[in-house]
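In the form predicted alone, a lone chain appears below as structure tokens.
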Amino acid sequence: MAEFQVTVSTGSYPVIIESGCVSQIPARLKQLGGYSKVLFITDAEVERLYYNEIENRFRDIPLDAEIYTIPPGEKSKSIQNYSLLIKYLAERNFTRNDLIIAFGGGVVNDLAGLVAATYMRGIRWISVPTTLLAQADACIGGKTSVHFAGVKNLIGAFHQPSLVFIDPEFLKTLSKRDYLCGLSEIMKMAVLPGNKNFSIWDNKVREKMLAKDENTIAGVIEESCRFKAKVIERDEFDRAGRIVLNLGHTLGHALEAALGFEHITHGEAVCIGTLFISWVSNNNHDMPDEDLEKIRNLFMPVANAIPADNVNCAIDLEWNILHDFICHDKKRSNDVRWVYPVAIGKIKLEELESDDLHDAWIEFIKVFAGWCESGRDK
């Protein structure tokens, strides 16, 4: 078992990574104490797969526990679902001493975390992520949010969980595409400073990850979580250094929003975004050819899993549409700053001219379509 602490302004909280660690939740809840009611927030697919798991684990604990279920998918990260959850808590007389447990993927974690952050000015919550994306990325750092007015994560708050339970056994039920979605966020971290020796660069490790080898998965998740925790501890509120984690997200978020949060997953959007900005850097004679090739080889399993029709939906988007969404991204200040990789392990922040990016996008989508086509032929 791996367990480490994430230390932030409000204190510290444990992150537990182990197959079967969900069995520890009842005992840990007793240690946490101080509450009388618990609300599990999950989605319909997770509830279908794991309802008995929840019921069996908590059968012998004397507490008032309820389950609130949302539809699966990005569209559930909405102000409407947020409002309904707040109403649900109020009608059932939850107090700020009670507890929310987010039991699901990134959507559930983001929505449940925002509810916890704002109901009665903040109540405690626990993250039990069930997807690779949520386990390796979304569950660490306390970012909570919903989409609004077509803009991804426009409404949100920073609210750290009290506990995080990462159980790789949940990944057995993920589709290949959803699994690769999470792997994309791990791959993104591998490009960042300090991660030249990230284990995912090793071909054998990557093969084991793609084969869902449990021991390898647990090790890679721990590596990713520890790295993200260090970044967050230095910049909890996303004012400076934490922006490096936005690699691939400037374009990625725009792609998701422009497509109405359909056709491509978040991880696929990050994949395209990272490949695009790496290709731009190489095209500008900043990133060496060999580094671009390594990054391309790293991400292509994710790109190749995107259905051809969905790839076409993404690359058919005109740059002016994407640029409008980029300019509404909640992370921008006065100008759009791109997390710009000049080599593996070396990042700059760059304000890039839209006209130059317009031309680069037209060229890149041809190249990217070719990469995907050749990958599917193998």
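Owing to the predicted nature of the structure, the values given are computational and were not obtained by experimental measurement. Sequential numbering from 1, following the sequence displayed.
Another form exists, predicted in complex with a small molecule; not displayed. Remarks below refer to it.
- Proximity of P161 to the small molecule in the predicted bound form: non-hydrogen atoms within 4.5 Å are absent; the residue sits far from the partner.
- Using a 4.5 angstroms threshold between heavy atoms, D286 stays clear of the small molecule in the predicted bound form.
- At least one heavy atom of N153 is located within 4.5 Å of the small molecule in the predicted bound form.
- Remark: D43 counts among the residues lining the small molecule in the predicted bound form, judged by a heavy atom distance of 4.5 Å or less.
- Taken together, the three residues D110, F170 and H266 all come within 4.5 Å of the small molecule in the predicted bound form, as judged by their closest heavy atom.
- Figure note: of the listed segments 198 to 206, 67 to 75, 300 to 308, 94 to 102, the one touching the small molecule in the predicted bound form, with heavy atoms no more than 4.5 Å away, is 67 to 75.
- A single residue from the set F325, W338, Y50, Y35 has any heavy atom within 4.5 angstroms of the small molecule in the predicted bound form; that residue is Y50.
- Interface residue among S224, T131, S281, T274, judged by heavy atoms within 4.5 Å of the small molecule in the predicted bound form: T131.
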